[in-house]
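Quick heads-up: the structure tokens below are two forms of one chain, split into structure 1 and structure 2.
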Structure 1
Amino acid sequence: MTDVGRHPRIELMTLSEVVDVQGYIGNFRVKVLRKARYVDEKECTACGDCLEDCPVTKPNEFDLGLSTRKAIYQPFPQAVPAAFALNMEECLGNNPIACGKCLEKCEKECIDYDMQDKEVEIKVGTIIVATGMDVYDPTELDEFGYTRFENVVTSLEFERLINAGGPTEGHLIRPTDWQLPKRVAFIQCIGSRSEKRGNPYCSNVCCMNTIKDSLLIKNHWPEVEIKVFYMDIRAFGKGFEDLYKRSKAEGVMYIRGIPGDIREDQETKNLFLLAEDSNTGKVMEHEVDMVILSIGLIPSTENSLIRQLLTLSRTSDGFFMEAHPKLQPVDAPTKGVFFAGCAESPKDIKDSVTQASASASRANILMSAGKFTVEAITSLINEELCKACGLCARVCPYHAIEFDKEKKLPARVIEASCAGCGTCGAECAFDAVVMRHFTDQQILGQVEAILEENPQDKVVVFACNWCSYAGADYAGVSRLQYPPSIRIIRTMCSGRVDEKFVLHAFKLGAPIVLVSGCHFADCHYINANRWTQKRVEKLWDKLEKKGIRPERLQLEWISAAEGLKFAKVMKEMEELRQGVTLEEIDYTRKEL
């Protein structure tokens, strides 16, 4: 932090938040709200004189409420800049009259009660999202007694307790009597790996954090008895298994089972844990002095706002989704935006630093080049056909289409932002949007070529490039068998599948048409497949009104890793095809 604060080419904006982002790769305009510090950070030396007479006492957020602070304070000892900040909402301050005691104590007169928030706009070429993570609140898990029993603390609170700079100066104590606990229990997977309460995913760092804490306790207080209740110990990093073995060698007991109940002795404040050890099959009660809940990691609360500002995708666990898990692990779907740290997934410090270095390198490559090469699959607007309805701008997941409602001018595509999903082209009712290399004529030509001979024997499949088409490829390399009647047409996204493509296939005698794309949470074009769903649902209604079985148009979500599912779905399509009669096909041709 200190090096960052001193670097001549780094501008560090503290007490600030991003409120708006406009533009595209190489030309982002970011509005930042710089909140008033009420202290001149250039003059303040953090001498601490102002703290002496401040009458306000509040819980210290950095110590998770285990210590207190004043209304004027330094967030934490290593904070940059090394200056105090005044929380005007807590200060007895300037409403209606400032108490002024901190100002009277400050010899350099650094405090300014009249400071105002400022909004500044900065122009940047790339953006790295490093919003970090939050931790799970175990209050809802009432069986563990958090907030009911004072000697039940979270792993984060425990970290502050044994930290040399923490409220106890690094001494291990239990909160009720401030004495050294003789028996300590750790409970793993609090808020993680749980479908009903908490989160279904593994938080990555909890096991090793507990192993580290157990070794710290044993190194300083070897007489303390430690028990770790766990589902599975996941020690998959370099040297992590050795630490796990070392912990057991130091006498730490590992019990495979999560306690179902914790109760407290009212007099001694000792805690009793009832748990089954699945290794022995025995249910036992364990008496301990202190319980530490190893809480999991959850996405930052700021992610929702950042997602809207930068047009990002999220995976089912709530963390941001990268452009490609293997080939572009730090790139966001929005060009010029990169991820670092726990914004993308739960990870430890080493992995966070690795990803941050990769993000900085990716951003540096773009910035050093000075220009960005766009893949030739972007959309174009035919101004003669454009009716300025604005629908294309509304459905674009990247906000890559500009449209002036008042002037009613033809829409304009920002090619640097366009990812070529084709949703705008499929939604345009006036054929004013042309998709390079995936034009209407090209796709319709493929449909016609497929159904030129014996159309009744073919199944037309529209597959998105990133998931369904890749799933077909995976099925192929895995030597999975599926019927030869399947004919695949590749599109960049299922959102490109226009209504007229499907209807044209039916007009030419196709018995079955399948539209296939990414799963909702995994769409590589953020939310383009949502428009696919709406479009197919409208087609089902249209077919039904014309007396055509809607089942002949199928919609499936298949990922790149689901080669087995792809083969299975194709066999199902063949079974459906065999159930379509020639009379049905002829009737469909006449109606359409």
Structure 2
Amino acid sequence: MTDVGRHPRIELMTLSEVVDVQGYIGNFRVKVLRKARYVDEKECTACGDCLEDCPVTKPNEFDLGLSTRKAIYQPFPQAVPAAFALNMEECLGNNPIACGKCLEKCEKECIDYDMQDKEVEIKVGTIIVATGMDVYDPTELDEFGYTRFENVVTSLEFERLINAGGPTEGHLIRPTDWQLPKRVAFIQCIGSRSEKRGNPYCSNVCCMNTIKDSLLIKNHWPEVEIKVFYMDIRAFGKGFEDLYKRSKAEGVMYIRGIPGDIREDQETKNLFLLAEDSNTGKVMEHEVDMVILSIGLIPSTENSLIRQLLTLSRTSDGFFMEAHPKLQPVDAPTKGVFFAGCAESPKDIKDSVTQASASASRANILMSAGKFTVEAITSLINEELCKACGLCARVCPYHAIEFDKEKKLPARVIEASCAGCGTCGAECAFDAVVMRHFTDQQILGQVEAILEENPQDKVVVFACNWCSYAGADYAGVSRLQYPPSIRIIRTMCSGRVDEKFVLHAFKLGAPIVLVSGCHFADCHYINANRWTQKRVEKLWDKLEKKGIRPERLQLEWISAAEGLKFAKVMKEMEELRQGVTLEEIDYTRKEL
């Protein structure tokens, strides 16, 4: 931490928030709001003279309210920068009648009540999002009595209680009588792995944190009896299993089953846990002096603003979504932006450091090159045809299209941000989007070539480059035979498949059209294939209205590994084709 404070190339901006981001990869302009500290960061030596006379006493956030601080304070002794900060909302103010005492005390005259917030604009090439996480608040899980019983604490509160620098100077005490608890219970998965309350995901760190805490207690106070109530112990990392074994060897009892209820003895303030041990099937009541709720991690509240500013997405757990879960795990979908730490998913310190170094390395690749080659296959807007409806901007998974709702100016593609999926081109109803290298003309040209002769004998298949086209390749490599009526047209993404391509094919006499793309989880363009599905659904309605069987338009998600599925689906397409009559085709041609 101190290395950061004194590094000549790190400008540390504390009490600061990002309020606006403009630009694109390599060329971001970030506005940062630097809130006033009211203490000169460079001059303050953290001597503490100012504290003595400050009449305001507030709960100390760093100790989670287990201790107090003044209105002028240092968040914790090792803080970087090592300067005090004044919370102006709590301060009585520089009014000679009210207060102003700290001002008098500070010999170096570091305190300035008139300091102002200021906004600065900074130009950077890359951005690393390391906004971290918050911890789960167990209040809603009332059966554990977090708000009702004083001797029920969270695992983070417990960290402060056994920390030598914490409010008790490292003496483990229970809150009601300040005595060393003789019997301690940990309850795991608080707010994690639950579909009903809290979050469905595993928070990753809590098992090991409890094992660590149990060892800390045993090291200092071997006589303390420890029971850990758990669903599964997940000790998968390097050295983790050893710690788990050590903890068991030290006598920590692991009981498989989460208590359904906690009751308090009003006199002794002891707690009674009723739990079934699912290994033995026995229901037992356990009396303990103190309960520690092993709380899970949740996405940081800060994430929503950063998400908007950097046009990022979330996965269903609320954490940031990577550009690809396996192959680009630290890249954000927005180019030039990377993730480090718990912003992307709950992780322990080692994994956070690993990911931070990985993201630094990814950013380094861009910055050491000093330039970035933009995808050549990008879209382009014909300003004359653009009606400024904004649909293209809405469907772009990369937010690469600038569009001003109020001014009604033609949309504009930020080429450096465009990945070339072509979803905008499929969405535009006015042909104002030109998708380079996969233009309407190029694709319609292929459709026409297929259907010029004997259209009734062919099946038109649109396949996305990354999954279904690759799936077709895999069928080929595996020599899986399918009917020769299949004609494949490649697009980069199934999201490129415009309604008019499909309708044109039907108009020219195609009996069956198949639109195929990646499975939802695999979409190479974040989520562009959601629009494919919506478009196909709309087309089904449209066809039905015109008296054309919607069954003639088929949809299939085929991955690059599903050669078997590709061949199977092609056989099904041929069967469907044989069911389409010439009368039907004639009718369709007239209707469209």
Partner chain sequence: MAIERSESDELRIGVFICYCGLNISGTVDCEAVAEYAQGLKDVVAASTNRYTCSEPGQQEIKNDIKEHNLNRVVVASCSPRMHEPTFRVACQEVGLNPYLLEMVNLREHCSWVHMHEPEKATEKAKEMVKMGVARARFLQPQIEKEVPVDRSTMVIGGGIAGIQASLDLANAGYQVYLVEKKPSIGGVMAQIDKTFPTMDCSI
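This one's a predicted model, so the numbers in the text were calculated from it and none came from an experiment. Counting starts at 1 with the first residue of structure 1 and goes up one by one along its sequence. The term rigid core refers to the most C-alpha atoms you can superpose between the two forms while keeping them within 1.5 Å.
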Mapping for form predicted together with its partner chain resolves to structure 2
So the motion between structure 1 and structure 2 is one rigid part turning against the other, right? Then which of 351, 33, 375, 414 is at the hinge?
375
Angle through which the smaller rigid unit swings between structure 1 and structure 2, given in whole degrees:
18
Residue 444: how far does its C-alpha move between structure 1 and structure 2, core aligned, in angstrom?
3.0
Expressed in angstrom, the C-alpha movement of residue 512 between structure 1 and structure 2 on a rigid core superposition is 5.6
